[in-house]
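In structure tokens, one chain follows: the form predicted alone.
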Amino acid sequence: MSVSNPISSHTAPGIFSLAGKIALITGGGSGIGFYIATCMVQAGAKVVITGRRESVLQEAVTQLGNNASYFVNDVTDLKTLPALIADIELQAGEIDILVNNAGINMKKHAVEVTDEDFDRIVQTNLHAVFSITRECGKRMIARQRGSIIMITSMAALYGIDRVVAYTASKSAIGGMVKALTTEFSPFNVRVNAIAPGFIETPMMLTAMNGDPSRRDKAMDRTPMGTWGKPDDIGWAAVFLASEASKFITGVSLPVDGGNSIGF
């Protein structure tokens, strides 16, 4: 009796390749989004980054090289998103990978958070994410292929003080991943999330150095005893976008040095 070979025909490096793929990364001009773009370019993808500041996007594309382009856009202007996705597919090609990276935070005691504050965070971190995912998702479903990656947070995994609006938005993203997975999976469109731990970006270091007790608490509960690097998130995104993770969907992957289970 013959038995089929259970091992994929992909080579070990090849199965992680994004060659021939087009990735849209919101907020890809700076911070973690830029490093996700960098890693995806290194993995062979063509990347399209979006953001509000054209000068930042121009500089990022210069660094990323010939396989990168940009579109200026404000994701919170929901009515513009269907045309944005149509324009990107017309000019750059069919989107294979969507990384919903754009997001904002605000540190303020809950009783001081106004309705306007709360709405602003949720509009960027939740409403915009759903709208752009819907527009990309309908196209991916029609083509029966695609990988959608959300960015959540440690704030969605345990309680952190003074970030109630951010926590609410990121926790909702975790639920959105599960709901979309049930609808998109039959069409070979995967939906996953990355929950970054404390990642060494200029913004994070500035915030932590301005709040030493918070910094020490974060480090003390991270078993690996160090901050993550931005490309730790980038390579996790490459994995979730690649054929190496073709049977993984509906998960929120902590990339955190063990922080989410630390004590």
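Counting begins at 1, following the sequence as shown. Values in this document were obtained by computation on a predicted structure and should not be read as measured data.
Omitted from view is the form predicted together with a small molecule, to which the following refers.
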What stretch, of 58-66, 40-48, 217-225, 25-33, brings heavy atoms to within 4.5 Å of the small molecule in the predicted bound form?
25-33
In this chain shown alone, the residue from Thr133, Thr167, Asn192, Thr124 with a heavy atom within 4.5 Å of the small molecule in the predicted bound form is Thr124
Could you tell me if Gly103 has a non-hydrogen atom within 4.5 Å of the small molecule in the predicted bound form?
yes
4.5 angstroms heavy atom contact with the small molecule in the predicted bound form for Ser153
yes
Is Lys229 part of the interface with the small molecule in the predicted bound form - any heavy atom within 4.5 Å?
no
Ala236 within 4.5 Å of the small molecule in the predicted bound form, heavy atoms
no
